[in-house]
Ligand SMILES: NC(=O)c1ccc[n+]([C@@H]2O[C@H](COP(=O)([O-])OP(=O)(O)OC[C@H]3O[C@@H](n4cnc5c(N)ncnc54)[C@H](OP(=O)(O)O)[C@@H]3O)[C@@H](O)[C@H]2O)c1
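Taking the form predicted alone, here's one chain by itself in structure tokens.
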Amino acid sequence: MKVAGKVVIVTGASSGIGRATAILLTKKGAKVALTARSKNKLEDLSRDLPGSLVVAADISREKEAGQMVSLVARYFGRVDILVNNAGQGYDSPVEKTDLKKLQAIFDLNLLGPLVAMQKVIPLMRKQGGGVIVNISSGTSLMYLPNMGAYSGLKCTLNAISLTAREELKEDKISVSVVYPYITATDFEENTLKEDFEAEWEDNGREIPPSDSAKYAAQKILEAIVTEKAEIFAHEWMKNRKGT
């Protein structure tokens, strides 16, 4: 799908990959709805993005996620692209996984994107098509110690996304998954963590340096333009499943 002139919702737009994506899509001529919990950060960003709309909402809350889509649709008259980017990490061994924290990231990382999809799909169907891009994680391609809860939810998001892609292809609604690599943002600082000692090992292989948020945003743009089922931050990630 061409981006110019299209209405795009970007969740988690106040920082990191979401912010970079909103900036990039605006430069490409899109009208961007900026969604996150921090209204002040969104308003600061919106001042530099002509035609953008600020929608402060907590995507982890079902009602707010649905209202967010409805508000954007009323304001712009349509929604062409949904980028489900909002999310939070959780580092914990399976044995020590806290169920309340798991529920919190379930609501944000999985329930929120699902509700947004459910609200936007009928609109896109009525319009004759649209694009949904769900931001997953490279960890969902691997089985990494202390990442079970987070990567498990991202695996579920992958399955929902690619199943929806099959269900909606006759409606000309494309659903894609983007797998970012480690990205230089404040994501790690905001990650929930249990008290444990982790030892990172990669079988003696050198770990590639982290990507910039702008690089990740380019991959999201690639997903929108090409409408491919899956976009990997790097080609080598395709061969890392289960490692």
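Quick note: we count residues from 1 along the sequence shown, nothing fancier. Note that the structure is predicted; figures quoted are calculated from it, not measured.
Just so it is clear, the following notes concern the form predicted in complex with this ligand, a form of the same protein that is not shown.
With the partner omitted from this view, the residue of A86, V131, V115, V72 that lies near this ligand in the predicted bound form is A86 [heavy atom within 4.5 Å]. In the predicted bound form, no heavy atom of Y215 sits within 4.5 Å of this ligand.
Shown alone here, L108 lies within 4.5 Å of this ligand in the predicted bound form, counting heavy atoms only. For L82, no non-hydrogen atom is located within 4.5 Å of this ligand in the predicted bound form, even though that partner is not displayed. Taking the partner from the other structure, this ligand in the predicted bound form has a heavy atom within 4.5 Å of a heavy atom of D186. Residues with any non-hydrogen atom within 4.5 angstroms of this ligand in the predicted bound form fall in just one of 135 to 143, 118 to 126, 163 to 171, 93 to 101: 135 to 143. Shown without its partner, the chain has G12, A13, S14, S15, G16, I17 in segment 2 to 17 as residues with a non-hydrogen atom within 4.5 angstroms of this ligand in the predicted bound form.
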